[in-house]
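Presented as structure tokens, the chain that follows is alone, the form predicted alone.
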């Protein structure tokens, strides 16, 4: 099994542009979303609930469709919270995450009845105070600080600012016990964008064992445990694919001595990344010092993840093709319309001869698109989005 990305035929690409009213336009495939959810479910701990993280792509059409496929949502803001609840998903299947919530965000989460993550003693006290003021109860999921594992054997772990330290856990638990907010579960989020099945499985095992230790101290299982997700989305040429078979074979365990009644795995880019394509129009073609530049109407303000600011150099290039163009294939640099040297979407990639008005399609770009990109830069028009 490979990470299959959505493909758009030439005729379909043209029709999607007409449907959207122009370019640039992101097109998200329902068929690819369905296939991606099947992949991650098969690669997860057996019987785990699958949560979709809206941070990867909060488009309402995407979220509404995924609500029919996943078991819950991970949200990081009050806007994402409302998007998730607007699908009809019950509040008990929504987890409101984030390392430092404001008083207004705490009130919104408690008023909505969703589970909320707590990441420090002071945040525990905040939720306790707000719940008392509102006259409501609540469900807290304590995120445990977890250094991110190296991506390759022998590398260093990555410290981070997220979660409750081991030294502070007892204080957090005590604050919650004396409040209207129940300590309902744990979140052990250990990182993102990992390809190596051995790394993923070892991180899951460590998270499971840490949760089991705290459950034993508690005297019984928690109601909820989030093991994070971590599975990568390969979108640049030359990146390794995920070992889906290895993850699937190991997904049968662990199933005994569960530290929680409900175990969830959270995924974002590995669900929506393969489903998205970006269609853009060629605005100009020119040659400078022997280099062919193809300038398009999509820029880093629409697809920041492809820009040199994020992609850098030497990390491979996104998959891009020309719609309906023929003739000899040569090398090209695809750049956007912005007044910035960083506005490079693909360097030295194979493309046939194209002319002004032709369409290019970037594949596998459904994650971290418009909401991750600096849409306000140069005050240009926003990108369009459709689900098909």
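In this text, all values refer to a predicted model and were calculated from it rather than measured experimentally. Numbering follows the first chain given and starts at 1.
We do not show the form predicted in complex with a small molecule, though everything after this point is about it.
Q: Work out which of 127, 235, 189, 96 lies within 4.5 Å of the small molecule in the predicted bound form, going by heavy atoms.
A: Checking each option against the small molecule in the predicted bound form, the one that comes within 4.5 Å is 189.
Q: Quick one: find which of 334-342, 49-57, 317-325, 353-361 has residues within 4.5 Å of the small molecule in the predicted bound form by heavy atom distance.
A: In the other structure, the partner sits against 49-57.
Q: Considering only heavy atoms, tell me if residue 267 and the small molecule come within 4.5 Å of each other in the predicted bound form.
A: Heavy-atom contact with the small molecule at 4.5 Å: present for residue 267.
Q: Would you classify residue 143 as touching the small molecule in the predicted bound form, given a 4.5 Å non-hydrogen atom cut-off?
A: Residue 143: contacts the small molecule in the predicted bound form.
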